[in-house]
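This document starts with one chain, in the form predicted on its own, laid out as structure tokens.
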Amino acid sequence: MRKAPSRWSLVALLGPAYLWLALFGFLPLLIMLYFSFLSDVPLGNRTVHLTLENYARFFSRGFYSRLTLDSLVMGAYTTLGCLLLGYPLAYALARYVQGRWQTALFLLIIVPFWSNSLIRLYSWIIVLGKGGIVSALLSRLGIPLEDGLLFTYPAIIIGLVHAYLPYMVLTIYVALDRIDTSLLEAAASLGARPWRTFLRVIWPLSLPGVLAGVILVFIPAIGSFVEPRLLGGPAGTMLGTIIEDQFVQVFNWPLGAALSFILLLIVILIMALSARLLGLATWDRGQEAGHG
């Protein structure tokens, strides 16, 4: 029987990581939350006071609401693209590819992590730009694009899917790899067709990995500003680019912080609602199984 670790052992194991998160993760967030209620950046000899004006500006101007909706839609498209491409890939790696080929294919998936993001994006600029590979292929298919796909909305989604696809593949792969193969054998021995086995066994058991992948892709995607700015051009104005402008160009940190926390609150609400709906769906399936 495994012996439970002592309290001090747990503190020694967990303490350094959580201390690091508290000092360099949560504390800067709390400072930015404080800044979001200030009238100006509290640097130098500037006079500042507490105000709700930064939050009121978001709700009083439709410009910010529209950009927030655009950012959420961009995150949804990116997540959907990663899921459609990532699930079949993770399924094949978990079920059909083994040994050295599996290792080699995993290396290809995580290659984007090894390169600088600017290198990846400027590579996409060459590929998607006028006279690039994509334009040439589309022209051969009878879809001429004189200016290429660069500085269009699809270019943003392509860049984001390329950046976040590994998160989706790896989380789904872990969930699929943990499925007990005896369950699949039992379903086959009972006469279940492959598509029915997938819908009733594989897909429900892989949902935790899918949900983890959706969270890991959707949250950073809606706040992205590098891909929209470099690949989208004028079409890439999102809430993330506006927040970056407030910190880098306008030097209005309080407004940028307020917009960031509003976006964070929206994401938390969406995730909480999604978890609630998924929980209800799981409960309904359990009820059906109990009555079946």
Partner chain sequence: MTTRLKSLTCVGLILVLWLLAACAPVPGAAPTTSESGEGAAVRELHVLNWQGYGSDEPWAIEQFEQAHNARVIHDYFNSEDELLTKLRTSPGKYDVVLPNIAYIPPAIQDGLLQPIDVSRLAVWSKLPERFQTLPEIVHEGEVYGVPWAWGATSLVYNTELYPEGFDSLNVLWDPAYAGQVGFEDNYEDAVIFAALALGLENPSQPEDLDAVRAKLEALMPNVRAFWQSEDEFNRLFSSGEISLGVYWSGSTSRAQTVFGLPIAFVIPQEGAIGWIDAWSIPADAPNPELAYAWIDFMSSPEFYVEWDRVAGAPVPANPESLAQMPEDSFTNTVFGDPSVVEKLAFITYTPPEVREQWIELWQEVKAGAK
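Numbering follows the first chain given and starts at 1. Source: prediction; values computed, not measured.
From this point on, the text means the form predicted together with the partner chain, which you will not see here.
Taken together, the three residues Y173, R178 and L216 all lie with some non-hydrogen atom within 4.5 angstroms of the partner chain in the predicted bound form. Residue contact check for E185: none of its heavy atoms lie within 4.5 Å of the partner chain in the predicted bound form. Although the partner is absent here, S189 lies well away from the partner chain in the predicted bound form, with no heavy atom inside 4.5 Å. Proximity of S123 to the partner chain in the predicted bound form: non-hydrogen atoms within 4.5 Å are absent; the residue sits far from the partner. Not displayed here, the partner chain is kept clear of S36 by more than 4.5 Å at the level of heavy atoms in the predicted bound form. Contact with the partner chain in the predicted bound form, defined as any heavy atom within 4.5 Å, is confined among 136-144, 84-92, 191-199, 106-114 to 106-114.
Residues are counted as partner-facing when one of their heavy atoms sits within 4.5 Å of the partner chain in the predicted bound form; in 67-85 these are L67, D70, in sequence order.
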